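Just one chain follows, in the form predicted on its own, and it is written as structure tokens.
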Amino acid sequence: MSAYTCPFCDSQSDGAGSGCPFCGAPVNITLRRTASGWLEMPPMADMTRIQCGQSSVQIEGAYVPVADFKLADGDGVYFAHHELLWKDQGVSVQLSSLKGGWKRLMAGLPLRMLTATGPGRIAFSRDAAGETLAIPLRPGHTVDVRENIFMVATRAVQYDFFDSQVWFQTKDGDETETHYPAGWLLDRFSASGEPGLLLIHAHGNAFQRVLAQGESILVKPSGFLFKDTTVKMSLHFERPSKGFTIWRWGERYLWLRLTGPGKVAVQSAYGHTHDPGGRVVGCSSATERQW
């Protein structure tokens, strides 16, 4: 009988191994929760093994982890081409195109995915320091992931993408520009008939938090990692009051408002979100606060 519930992926197991068999998180460790309620997602120990159907993946290394898949005959994974590190000669790799090619091109996202089919071994790595996060998807489970952090997923995971609906426009002279603080598109991964496994890359350390119904939190847009589909996203602007006329450029502080219920995750290393300046002439759903 199941005796252990993983606090990171909510999967149940007997807790006999050193790591959760579904997400690789260490078993029965002391949870590190910040005073503000964020749960630190521990990096997987070197050589952690995760079973995914008849296949398995082993996470190797600590600073720039490698996801080493052992694919059973007929099992497969899909991935972006720049994640592939090495493969056995017998593993078949094929190219598959994605819908919405023009929109993906404009957003700077890959236009095609590669698929690999076993039997044999194939390995993936992101050329950056950080953590590899394993997200097990049970049938009916869906997560929304920020663009450009996806690494690899098993064939049972369905992939789609959609507009983030988080944007604002600025006008400087006669020029109007549209900005997407959290990215133009979000990736959506789900499982339907059978469970699957999704691997993503987090820069720095990763933290997760469960928001209650109606509870909201402000995070740096570039620090956002993933969320449950039940969590809503919107913009929040903070700026000095109108009396501070000296503030004309770079005075706004941009936040991503996440509103529960559901799980959200952030990364501690992120790109800076700069105020582009100019007058805001339009935006998606947003709130504002003056200092």
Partner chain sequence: MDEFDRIQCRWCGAQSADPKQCPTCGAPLNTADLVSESGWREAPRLRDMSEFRFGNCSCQVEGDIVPVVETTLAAGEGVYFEHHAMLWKQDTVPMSLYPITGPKRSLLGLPHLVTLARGPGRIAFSRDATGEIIVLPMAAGIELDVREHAFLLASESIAYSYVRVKGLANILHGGNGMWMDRFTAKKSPGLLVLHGFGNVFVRTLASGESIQLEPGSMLFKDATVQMAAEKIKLSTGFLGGTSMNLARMTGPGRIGIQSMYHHHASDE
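None of these values were measured; they are calculated from a predicted model. Positions refer to the first chain, counted from 1.
The form predicted in complex with the partner chain exists for this protein as well; it is not shown, and the discussion that follows is about that form.
Residue contact check for residue 127: one or more of its heavy atoms lie within 4.5 Å of the partner chain in the predicted bound form. Residue contact check for residue 75: none of its heavy atoms lie within 4.5 Å of the partner chain in the predicted bound form.
Using a 4.5 angstroms limit between non-hydrogen atoms, residue 177 is distant from the partner chain in the predicted bound form. Proximity of residue 114 to the partner chain in the predicted bound form falls within the 4.5 Å heavy atom cutoff.
The candidate spot formed by 60, 66 and 85 is fully in contact with the partner chain in the predicted bound form: every one of the three has a heavy atom within 4.5 Å.
Note on contacts: among 33, 49, 239, 232, the single residue with a heavy atom within 4.5 Å of the partner chain in the predicted bound form is 49.
Remark: of stretches 184 to 192, 127 to 135, 154 to 162, 208 to 216, the one touching the partner chain in the predicted bound form is 127 to 135 (heavy atom within 4.5 Å).
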